[in-house]
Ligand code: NDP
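Take a look at this single chain in structure tokens; it is the form predicted on its own.
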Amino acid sequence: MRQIIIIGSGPAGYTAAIYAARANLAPLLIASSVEAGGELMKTTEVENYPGFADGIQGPELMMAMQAQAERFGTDIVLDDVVKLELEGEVKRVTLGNGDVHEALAVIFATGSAYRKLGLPEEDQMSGHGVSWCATCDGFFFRQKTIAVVGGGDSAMEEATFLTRFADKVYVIHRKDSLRASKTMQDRAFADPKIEFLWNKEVAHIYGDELVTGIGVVDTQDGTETTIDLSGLFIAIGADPRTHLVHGQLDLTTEGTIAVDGRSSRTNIAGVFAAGDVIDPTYRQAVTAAGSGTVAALDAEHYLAALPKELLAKADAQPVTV
């Protein structure tokens, strides 16, 4: 039995592992069998993560985090969690290969998944002109023409933010009215750089190494138009990866895991959550990493308060805080 198991291998999971390992908790981190490293493994240049003046490639950053976690004693398993049993003093984590791991504490840091348009070129052009994060990638589109897909608050925020860099921003929406709040709509309508394309859906993404344009279809008459542009930002929402804890952990109205205030504590003692899975707003690598720190420290304090005889059953030595 372990003192702690961390589920998820993005910035939150790896940061939690670094802190837990340095606290002599000998954590086991369960990374996905196919998506280890999280969403940053799909990005190219990361210029807004502190400490890298010249930027760093997303996969390179995640590999560095993994190496740092392993350096301090984190064990990493590349498999998928298929079942969680979180009630009681001992938590049970079942993997796809049938292995069952037990721990006194669990940190759940599975992140979120951006919703996609479902186009075949979408994944191929990710990081090459297709993006789901204006804050992350807007800087690369200075004096370019780009488009944002979506009609909610997040799409209006993305479009307005991107006007700081781009010369022109199309907002493509499949209806003739927006879901966004009136304040967000008014701000976007007033921006001279933003042009709305109503009743349109993106049907094609063009380009070889970089995006060069898109094909949009009119939802009313089916006609297709080609638009030349350099970037496509998809802002149709994101879904926190919470399916494993449905019926066990409390969720918020946004679908994220509910935690106690600014802590990482969930409704079950010994279970903590961190990163995008608790954050419906910011969804940045640096905020996820900070959240992972909070979870590791909360878990450390929780473990330190457990009876010594229970801690003695775990692999690592009891901790003192």
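Everything numeric here is computed off the predicted structure, so don't read it as measured data. The numbering used is simple: start at 1 and walk along the sequence shown.
The next section is about a form of this same protein that is not shown, the form predicted in complex with the ligand.
Figure note: of the listed segments 208-216, 134-142, 68-76, 114-122, the one touching the ligand in the predicted complex, with heavy atoms no more than 4.5 Å away, is 114-122.
Under a 4.5 angstroms non-hydrogen atom cutoff, the ligand in the predicted complex has V149 among its neighbouring residues. In the predicted complex, the ligand sits within 4.5 Å of a heavy atom belonging to R179.
The ligand in the predicted complex is approached by K175, whose closest heavy atom lies within 4.5 angstroms of it.
Although the partner is absent here, Q57 is not a contact residue: none of its heavy atoms lies within 4.5 angstroms of the ligand in the predicted complex. Proximity to the ligand in the predicted complex, taken as a non-hydrogen atom within 4.5 angstroms, holds for one residue of V81, M184, I194, L86, which is M184. Contact with the ligand in the predicted complex, defined as a heavy atom within 4.5 Å, holds for exactly one of V245, A235, V130, V93, namely A235. In summary, the C-alpha positions of G255 and A155 diverge in the predicted complex, ending up at least 3 angstroms farther from each other than in this conformation. Between this form and the other one, the CA-CA gap for G261 and M184 widens by 3 Å or more, being larger in the predicted complex.
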